[in-house]
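Below you'll find only one chain, the form predicted alone, shown as C-alpha cells.
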C-alpha cells in the first residue's frame, strides 16, 4: 500500500478515474506484458486513481489467481503514482478473498461490487457489504447498483458500522435517490459517478456535488476524456455540449445496440488506437466489422475535439 486512507479519499473526490481493460492473449489468458504496456501508456494522462480488475476490466470473468496477478502487475508497474483500487465481490467469502489478495499485492483500496445474481433485502446487502469491509484494513468504496443497490437508510447503516467505508460509487443514475443520499450523509463519504459512459450524465452528477466519475472511454480516447473532464469542471458549457452531441451520444447509441457493449466497445476501441487487449471473454461478444468502422469514425471525431 502506497497511499493513506486520506489520500485515497482525496483521489476519489477530485479528478478523473481510470478503469483499464484487462489484456488477454490469443488463447484468452491474462497477458501481463500487454497489460504493463497499457498501464504505462495511460500513466501519461492526468487521472487521480486507477481501478484495476473493475467492470470494464472484466472482473466478473476472472479467477482469483488471475485477479491476484492483475493487481500485482498493476502495483509493480505504477504503484505510488496514483492510488490503485482493486475490485472485490461475487459472494461475501470470495470478496474477502479478493480483499486479502489485493492487500497482499499492495493495492490501496477496494471497490466492492454487488453480490452475485440473487435478489437481496436491504438488511442482507448491508450485512454482505459490512462483513467484507470488516475483513480488511483497506479503504472500501461500495458500488451501489443492480441487485446490491442500497437506499439512503442502508447506506447510512453501512457507513455507521464501517469506519473504512470511504466512498459510494453510483451505478444507477437515479439523481433524486443519489441526491438524498448525498444530502443525508454529507461529507461522511466521497461520491463517484459510475453509470456506463458516465460522461453522458456528468453535468447532472456535478450539479448535486459528484465531481468525479469513472471514464471507460479513457481507454481509447484519453486526451478527449481528460479534456472533457477539465472543461466540465471549468464550466465550459459550449465544449461539453459539443462533445456530448458529436461523440458521447453517438457512442452511447452504438453501445446500446448490444448488451455488454459497455465493455466490448472499449476493448475494440483500444485495439483501434494501437493498444489491443485481446477479445472479451464469453458471455460477452466483440463488435462486428461494421460496428468497428462506426467506432473508428467516432475516434476520429474525438481527435478533432
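Model, not experiment: these values are computed from the prediction. Positions refer to the first chain, counted from 1.
Although not depicted, the form predicted in complex with a further copy of the same chain is the subject of the following passage.
Screening 180 to 188, 163 to 171, 218 to 226, 78 to 86 for residues having heavy atoms within 4.5 Å of a further copy of the same chain in the model of the complex returns a single hit, 180 to 188. The listed set 48, 258, 279, 236 contains one residue whose heavy atoms approach a further copy of the same chain in the model of the complex to within 4.5 Å, identified as 258. Taking the partner from elsewhere, residue 134 is found to have every heavy atom lying beyond 4.5 Å of a further copy of the same chain in the model of the complex.
Though the partner is left out of this view, residue 90 does reach within 4.5 Å of a further copy of the same chain in the model of the complex, counting heavy atoms only.
a further copy of the same chain in the model of the complex is approached by residue 113, whose closest heavy atom lies within 4.5 angstroms of it.
a further copy of the same chain in the model of the complex is approached by residue 252, whose closest heavy atom lies within 4.5 angstroms of it. No residue in the set 72, 100 and 305 has a non-hydrogen atom no more than 4.5 Å from a further copy of the same chain in the model of the complex.
Along 187 to 217, a non-hydrogen atom within 4.5 Å of a further copy of the same chain in the model of the complex is carried by 200, 201, 203, 204, 206, 207, 208, 209, in order along the sequence.
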